[in-house]
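Two separate entries follow, structure 1 and structure 2, each one form of the same protein chain as structure tokens.
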Structure 1
Amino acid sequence: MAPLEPWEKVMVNEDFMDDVHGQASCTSCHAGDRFAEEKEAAHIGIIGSPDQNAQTTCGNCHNEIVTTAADSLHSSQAGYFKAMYSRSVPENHPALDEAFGNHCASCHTTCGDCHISQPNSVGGGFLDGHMVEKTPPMTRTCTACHGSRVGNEYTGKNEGFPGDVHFRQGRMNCVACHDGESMHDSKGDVDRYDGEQGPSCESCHDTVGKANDEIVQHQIHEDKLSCQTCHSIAYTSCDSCHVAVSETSGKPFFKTSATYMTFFIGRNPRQNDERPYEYVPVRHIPVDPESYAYYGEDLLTNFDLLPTWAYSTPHNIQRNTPQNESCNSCHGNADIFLTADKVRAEELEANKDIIVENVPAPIPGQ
């Protein structure tokens, strides 16, 4: 993504004034003084992101979207709180909230972050002279935030690993699977894998495993394995993220000790009616008992309550993968299962339900 010049970031396209969104005066959304001659004076009291309060800016005309979007995960970031609080105790919530404010709140996604400008994490700037884009452009919005993991997998930026078949062959962008409604309405879900699958692979591939499917591997396993168990390749895992505030600049920063490619099949950490699989690919998430140590001692008091090898749905789907090449490239192949020897001693307890004890036996005669 080419960096924008400072003027390009804020130069309004003349067409905007003819668009329905440009009918109101600039100051009716951004405040400030539209009679002032000088920049400084004009900008006194200015509101950079009027959509932080979307109800008064966009809500008059898009009331339904604004109402549901307030509780969407992009807006509430409920998943972050769940991940922190579930490993902690209520006394520690204020310290964790402070850490959230410094390090995580900047990922809060406004309407404009998808429809008007690039997110601040990549320096902001209009997508197209303040025009309101219907379809958020993939690399300038979605993967500006979801780049290091999802974006790199999907577009094949991890060296030696091809991009997702839906990208390479299907030329599909994120929105082909994650439509507007799913972005605006998280339907009360408290994290990314809560509730119905959104989307499910079967919503498009509805003949897989059905009566006339000739692929043997599809017929045998029913709901035992998620589709990604056979169709994704190695994906990103991370270790030990620590956050702190710089003494020199006063700015928050983080350090992740390692990032590496893994492919391990584990027992499903969140087996339920919506995700009935017994086995799924799992990835190591960068949480560590000391992740928030800068903000207080032992803040993740209940570290062992959630696994560090998490449910995952890698975005690098392939028709042919090393593990689905034959029955016995998976059955009897302990290397690709998350067995105890692959888990750090201090994390064994947290992952006890994920670790695979008995790798499926080789299929005789295959």
Structure 2
Amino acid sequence: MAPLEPWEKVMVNEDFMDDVHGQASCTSCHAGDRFAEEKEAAHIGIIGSPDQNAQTTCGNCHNEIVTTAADSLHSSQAGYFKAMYSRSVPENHPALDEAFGNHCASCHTTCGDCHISQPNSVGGGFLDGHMVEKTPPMTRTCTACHGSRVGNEYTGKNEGFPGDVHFRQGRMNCVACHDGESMHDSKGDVDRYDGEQGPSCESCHDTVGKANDEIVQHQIHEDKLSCQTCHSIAYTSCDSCHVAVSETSGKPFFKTSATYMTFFIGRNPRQNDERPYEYVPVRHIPVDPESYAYYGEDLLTNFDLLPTWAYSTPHNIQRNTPQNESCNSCHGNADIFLTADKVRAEELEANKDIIVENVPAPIPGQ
């Protein structure tokens, strides 16, 4: 049987015609000529992905959301640029922009990437015959992009490590914490750890550290440790990501030298009123001075200006963890702190604000 032409496939299911979005004509979003009698004429000027200019399509009804979403981290990908540019100099930005376009830009999300279609990373295609999903299905959208770290941690796909308690026991979808407002509006932030914590654990666990909190350790450690420091378990770290374009296929690719499970507590490099903690879990990110060498020489001139062991909020929360079994499971236990001997010599300078020089002393009698 010959492959079906696009127009022969089921692009629209019956439910869509009864949906509020189905009440609009096809040309309202896709342009073309709705009155033409011939297929070729009807498709002149057709727009395959109307949300590429969302203000003129989705924005007709959802203007406020579309306006703020344009500056959201999912849309702007400002975090990528901040990381690249901070380690570089302005004259190297064009080469980094080229690398970004080849390897990173596909992670940019439009309205349809979450609400109508699956990401290309899992094959693309409609979620449900053109229906608009108000709440994106977690495993077909969220973890399709955020799968190798967040998704595997949250759902327990790392062998030997249970999934996050919120997923295992509560079957909570990503949007239970990361609601639409936070997804559609970055509030001008250029990094997911900029600004106020949202969501924060205390948003739901509002007695933590308060006078009526029956867990005394919460009151002792409230502003000294992030919640994940005690309630996270091992998570994925990676080394040395390098990007290039294949000489054979002409397609961009990347490769890392290693992926492994870690749990290290480091000093908080973002200590402020919103994140007052002295200690936080840190994860190794796979950047190195030659990550973009394919696109030019010494593009990350200021490599040491950002740490390679970064503030982390792993999605693998447990009530009971190895480090909270007893006081001295943490205090005096140098194995779980990011000390200098665990950092590569060439990365010591970059991580000088993260490395723990003096591990908290053991508590006598514990």
Ligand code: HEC
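Whichever C-alpha set is largest while still superposing within 1.5 Å between the two forms counts as the rigid core. Every value quoted in this text rests on a predicted model; they were computed, and no experiment measured them. Along the sequence of structure 1, residues get numbers from 1 upward.
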*Mark the structure, either 1 or 2, that is the form predicted together with ligand HEC.*
1
*asked:* Rigid core aligned, does the Cα position of residue 25 differ by 2 Å or more between the two structures?
replied: yes
*If you line up the core, does residue 47 shift 2 angstroms or more at its C-alpha between the two structures?*
yes
